[in-house]
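Just one chain follows, in the form predicted alone, and it is written as structure tokens.
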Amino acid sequence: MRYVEKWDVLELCFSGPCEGNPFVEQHIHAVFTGKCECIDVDGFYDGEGRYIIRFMPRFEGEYHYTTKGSFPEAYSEGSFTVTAPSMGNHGPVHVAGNYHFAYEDGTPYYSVGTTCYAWTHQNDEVYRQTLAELGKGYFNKIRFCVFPKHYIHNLHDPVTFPYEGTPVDCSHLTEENFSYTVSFEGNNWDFMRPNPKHFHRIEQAILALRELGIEADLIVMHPYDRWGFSAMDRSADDLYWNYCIARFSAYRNVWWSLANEYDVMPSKTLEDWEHYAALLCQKDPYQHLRSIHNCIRYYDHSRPWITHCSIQRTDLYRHVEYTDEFRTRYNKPVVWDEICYEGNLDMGWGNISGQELVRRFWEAALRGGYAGHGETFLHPQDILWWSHGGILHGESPSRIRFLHEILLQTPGHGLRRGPGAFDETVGIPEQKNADAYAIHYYGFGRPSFREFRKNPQLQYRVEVIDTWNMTITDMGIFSGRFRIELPGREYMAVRLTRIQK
């Protein structure tokens, strides 16, 4: 008897024809049946006559499967047993209570993400450095692209390409002659023949992230391209989407981001995006989280296929401060996946301080949303975390981890904005008694003390949190009207936790 744990991957491998073009001329399919679910799954061609079907069981117990396809070897049947999940395996992340997230086993999930667009396309040394940094526990989600990226500080070719063929020679490209307008002429790709080595590298990254407890937010399409992948026709796009879904959807830590900056992809229309979303809804049997990310023009996040808002700020001064408005407008989780990066580039999106980025994280969290990190420090070898990964140099990651530790102590599932003075942001539990728990955050304000007025019949443990120096000072137990002394510096917070008698 074969065994697989709940929310892990059962992989079935078959030998089959390799003549012609198996990516379009052959197919393989399976039906998995347990006591509580019956799931249809498409397989995929992995090259060299190898066909694969992957399945993620969501219930314990006995399962039976039947497979079929376009070639004789595809027909089979069998059984396996699903065992209890191991420690650390909480299942996929889903929306919980409209505005927040939880793993499938009910464990709350508080998103503290980062962006490394092209880290899987770098050499092995940079790839290993990235995983080592991620292993320090700063982040529990990472956004990255399936396709390689062409942009400033991203002018070298990736280690693999997603299709069979050859790229145009761009060895002459430098930062000085970089142009946002590129021609796809000179590339020679067969968009009907994916390169399995490229996609294998992506799935190995997904698995490595899973071992670290990190969600893989896959950016399926993006505009930063000199190879023509952003301008394929509908038939090539459909092959690509179906291939990605068949290869990646069985991994529990996958999220789908249809695009990074969908609105600056001139060859794609709103009808195209809705079509890709329909493919996801139809073909992903596990209904992983789905989003689409903007540059300037927000997508209509009220669309039913969108599970959460993935937003880039469009205002220089206000961004996460709109969290309250977006929660009300869309009634969905709000994730600020791009709110500028800690760094020193000569670009407005890449040169804020660590203090400012951490402040934005706290503002988003206490308003009932989530923020994303990125880092863009100039580097002598042009290795910038925001795209390549490598080694982190900024001051924000450890402070973001500190915030995450505090969020994990939230009663219930998530925070929402509560009542407070005009110069503070107050976070209270989304679904609990507002008098039971509160965090008062002062951001760039520097009060030397704060007075509180509470029910004299209730008692509160009061703690002063220095969000930058990462300290929590227990000030004691108070009730009624009381005053809390503060150090008169920025980025302070006061946490009040009601004591149960």
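On a predicted model such as this, the values are computed, not experimentally measured, just so you know. Throughout, we count residues from 1 along the sequence that is shown.
Below, we refer to the form predicted together with another copy of the chain, which is not included among the displayed structures.
task: Could you check which residue among Arg297, Arg318, Arg234, Lys136 gets a heavy atom within 4.5 Å of another copy of the chain in the predicted complex?
output: Checked against the cut-off, the match is Arg318.
- request: Counting non-hydrogen atoms within 4.5 angstroms of another copy of the chain in the predicted complex, say which of Thr81, Asn344, Gln431, Ser398 makes the cut.
  value: Contact check passes for Asn344.
- request: May I ask you to state whether Pro447 is within 4.5 Å of another copy of the chain in the predicted complex, using heavy atom distances?
  value: Yes, contact at 4.5 Å.
message: Can you tell me whether Arg313 touches another copy of the chain? I mean in the predicted complex, with a 4.5 angstroms heavy atom cut-off.
response: Yes.
task: Could you confirm whether Phe191 comes within 4.5 Å of another copy of the chain in the predicted complex, counting heavy atoms only?
output: Outside the cut-off, so no.
message: Please tell me whether any heavy atom belonging to Val95 falls inside 4.5 Å of a heavy atom of another copy of the chain, as the geometry stands in the predicted complex.
response: No, no contact at 4.5 Å.
message: At 4.5 Å between heavy atoms, only one of the stretches 470-478, 48-56, 30-38, 439-447 reaches another copy of the chain in the predicted complex; which one is it?
response: This holds for exactly one stretch, 439-447.
Heavy atom of each of Ser291, His301 and Gly412 within 4.5 Å of another copy of the chain in the predicted complex: No.
message: At 4.5 Å, heavy atom to heavy atom, what parts of 355-370 sit next to another copy of the chain in the predicted complex? List them in sequence order, or say none.
response: The stretch touches the partner through Arg359, Arg360, Glu363, Arg367.
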